[in-house]
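The chain below stands alone, shown as structure tokens; this is the form predicted alone.
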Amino acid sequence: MAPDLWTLYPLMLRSRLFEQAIADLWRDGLISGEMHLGTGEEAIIAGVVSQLQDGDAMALDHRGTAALLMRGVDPGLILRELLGRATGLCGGVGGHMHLFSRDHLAASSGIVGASGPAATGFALAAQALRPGTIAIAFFGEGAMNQGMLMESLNLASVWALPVVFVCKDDGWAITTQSASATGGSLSDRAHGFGVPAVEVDGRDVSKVWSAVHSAIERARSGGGPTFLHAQCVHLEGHFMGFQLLRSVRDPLGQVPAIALPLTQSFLRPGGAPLRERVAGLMHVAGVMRATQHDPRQDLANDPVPRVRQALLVDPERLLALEDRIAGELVEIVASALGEVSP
């Protein structure tokens, strides 16, 4: 069985355009607080969610918007929630990191690693009450250093629970490269609990779909859990307004605000020895140079145009599809903004 790109691309494109609209509203100050977007994860989310059935459950991390949207949650409800409206998905009090939909058996949490025990609980309920249904856990690679996720893998293995653990690995823990804070192989950790592990390129929706298809079939048939390790790139960094990306995208506007305090600190009498100050400045300069070559800046790591390229064999159908989705989202945003705030 092969994935249908004409089915997967609309899910990915709709998610991308929706999150771009969210980003615009955030920049305009209409959405407050931190904003963690899933741009760059679309191939992973679409490859998984497109294969879920009624009764399947999802436990999400703090980037849950795309999964909820692809699962069929009303985008207007999601947007109103982010705007803090009482008519939002969670009454306007959950925000983007705490989105829930009882009808879709979907729950998200801002607590790192919390999707592990939530999905394990969903899977236990599925095993006892809805045989043939499964649960999905979405989380980042940093969550693999959380004890509760390790406990979830162990329990899922011991009880052969129908759950697929999906690790979205972008290689960064906010501003720290994950390799410098995580020992060993994540797949080896899963193997240590007796959980089969699959490595996949999370930028390629066809490869994700195929890998997840086998894992889901295994879970539905009583074969137990699977760990999926998918590499991806968060195109906006850890959150909207990510400092390093701001500096690279707008050096004239951002660098002076960074350079002036650093220069004043460097020239101030007293404090650390000169060699330590120089070392600090060199480190900052090195981080800036590395960001210029960061994978988040490489368009080849964007999963959406990669799928679009494959669909250019039928340009008329493709453009009609894109126009329809773009038009729908314009109406959704206009409707949410036109609603009178409570």
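Quantities reported herein were computed from a predicted structural model and do not represent experimental measurements. We number the residues from 1 along the sequence you see.
The next section is about a form of this same protein that is not shown, the form predicted together with a further copy of the same chain.
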Practice problem: Consider the chain as shown here, without its partner, and state which of Ser206, Gln146, Thr133, Gln231 has a heavy atom within 4.5 Å of a further copy of the same chain in the model of the complex. | Solution: Gln146
Exercise. Counting only non-hydrogen atoms, choose the one of 163-171, 208-216, 192-200, 223-231 that falls within 4.5 Å of a further copy of the same chain in the model of the complex.
Key: 192-200
Quiz item: Would Val304, Glu328 and Ser335 all count as contacting a further copy of the same chain in the model of the complex, using a 4.5 Å heavy atom cut-off?
Solution: no
Exercise. Decide whether Glu151 counts as a contact residue for a further copy of the same chain in the model of the complex under a heavy atom distance cut-off of 4.5 Å.
Key: yes
Quiz item: Which residues from 172-201 come close to a further copy of the same chain in the model of the complex, meaning a heavy atom within 4.5 Å?
Solution: Ser180, Ala181, Thr182, Gly183, Gly184, Ser185, Asp188, Arg189, His191, Gly192, Phe193, Gly194
